[in-house]
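One chain follows as structure tokens, the form predicted on its own.
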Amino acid sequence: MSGFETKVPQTNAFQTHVVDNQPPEFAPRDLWATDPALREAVAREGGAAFADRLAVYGALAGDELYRLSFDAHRDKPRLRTHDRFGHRIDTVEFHPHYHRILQAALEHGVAGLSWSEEVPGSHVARGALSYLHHQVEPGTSCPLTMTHAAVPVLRHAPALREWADKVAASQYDPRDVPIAQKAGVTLGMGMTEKQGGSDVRANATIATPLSEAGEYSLVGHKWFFSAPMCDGFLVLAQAPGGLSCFLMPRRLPDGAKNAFQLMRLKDKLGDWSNASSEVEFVGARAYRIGDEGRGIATILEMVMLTRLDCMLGSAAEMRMALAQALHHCRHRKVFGKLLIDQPLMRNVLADLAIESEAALALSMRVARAVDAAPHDPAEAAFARIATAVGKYWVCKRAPAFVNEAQECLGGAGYVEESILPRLYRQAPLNSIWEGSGNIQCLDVLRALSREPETGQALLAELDGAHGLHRALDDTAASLRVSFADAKNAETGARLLVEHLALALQAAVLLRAGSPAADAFCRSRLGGEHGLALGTLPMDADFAAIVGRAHAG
């Protein structure tokens, strides 16, 4: 043996370094138990009776569903237009985990709780379920939201009672069979056409009457046809009497496939687990809902519910991004101490926490208004306008919020193995879906001009927090002046709606006694804030705000 030879211990072979200073896995994490702001909001807005059920789903979502969601997003849906023998089948294949997640959501009431248990607080509890679910798997939230929102519309058509009952049921059956063979069904939607976009009055799909019982034949197309493997779809088409609403089943009662063809799936920025398609109707059978010419009015009954879910979805994305940032910063050391103890990082995390809680607080307040709307005119008026205000602002805030949370993780937040790139791709969607920002702002102006009770409801909400903070009082006084000229304020509509949203968020936080309320008012209303997150006033109570956000 040469004198220069040495023995290398085999236990250290190929080991170049020790992995340390890394956070543990995020999951399992109980999304209900670790979120005091959510628990308080549910109790405050009338959903306390459902707390045990929410606790069960919060634990499930933060464990099994969180883990399954990664495969559901990596393995995107695939369109099969024909089988191997050449038969037209128009089938979309999903990863099995997509079906498991959708099954869990439906069985726990994410789509049906509001209708299966119509008691005070059920809309609040269902909103909380949707918030918990969307944090881990937003793709399935598309069919869940549409299924939930369709129930009131279907109940107006006695001939479609079976559909209404099965849409409200908490059952999932992914088989492509007629609804008579199913205990529960899901619904998608097809509104948008190439030439019209948000202007659905420009829709060109033709609906030809086939019988006096309300059956029609549809010929035309849809540019965005969401969740194409659902059992039925609400669509808008031009009947002899004008634009009308229809329910189009995927399968006819005799089991035959309805006469529509999926042309392709959209190659989307995000929302990868869910399929969105382009479709052509070639004589598809459909059933009219409501009178001919009243299609928009019929669909508008869904808008309050779908806009609320957009708010809840964006708030959920913020919460998950915040939770990921806090988890990382609680375990990662930089320059000798944990990131969460670094003064500038605490400012960023506290600012994120304030924004997240404000988004949730307003969303749950709107859920209470939706819950009370059928029997309380003042709450109905508030829900009518606050859904548009909140949908605009909460959804607009999500993309920048998620990006800031990514930055807390550094390069790790840009890597697919974390959930943050998925959240970043998802974040812009809710601001586009159900009407983009300008549509929401114009709707607010329309409501203020044509439905004065909506403006009164907003001011009453702000008056309920009068005297609790000078910044809110000053903003409320300014808004009273703005309301007087709202009908002539289209150019400045975004700024008006932004101020409304911030004032409403402040009012909810103040009345709730949230530790975030003072810093929110000073920064968002009082001008003690820069243009970027992480610019809270230096004397804000960072310890209380950040501690509340990562409780548990």
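Numbering starts at 1 and runs along the sequence shown. All of these numbers come straight from a predicted model, not from anything done at the bench.
The same protein has a further form, the form predicted together with a small molecule, not shown here; the description that follows concerns it.
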Query raised in the report: the small molecule isn't shown here, but in the model of the complex, which of 458 to 466, 197 to 205, 88 to 96, 347 to 355 has heavy atoms within 4.5 Å of it?
Result: 197 to 205
Query raised in the report: Taking 4.5 angstroms as the cut-off for heavy atoms, does Phe225 touch the small molecule in the model of the complex?
Result: yes
Requested in this report: Would you check, heavy atoms only and a 4.5 Å threshold, whether Trp433 touches the small molecule in the model of the complex?
Outcome: yes
Query raised in the report: Does the small molecule come within 4.5 Å of any heavy atom of Ile439 in the model of the complex?
Result: yes
Query raised in the report: Even though the small molecule is not shown here, does Ala325 get within 4.5 Å of it in the model of the complex, heavy atoms only?
Result: no
Query raised in the report: Heavy atom within 4.5 Å of the small molecule in the model of the complex: which of Leu429, Cys408, Val444, Leu308?
Result: Leu429
Query raised in the report: Only one of Thr192, Asn258, Thr475, Ser170 has a non-hydrogen atom within 4.5 angstroms of the small molecule in the model of the complex; which is it?
Result: Thr192
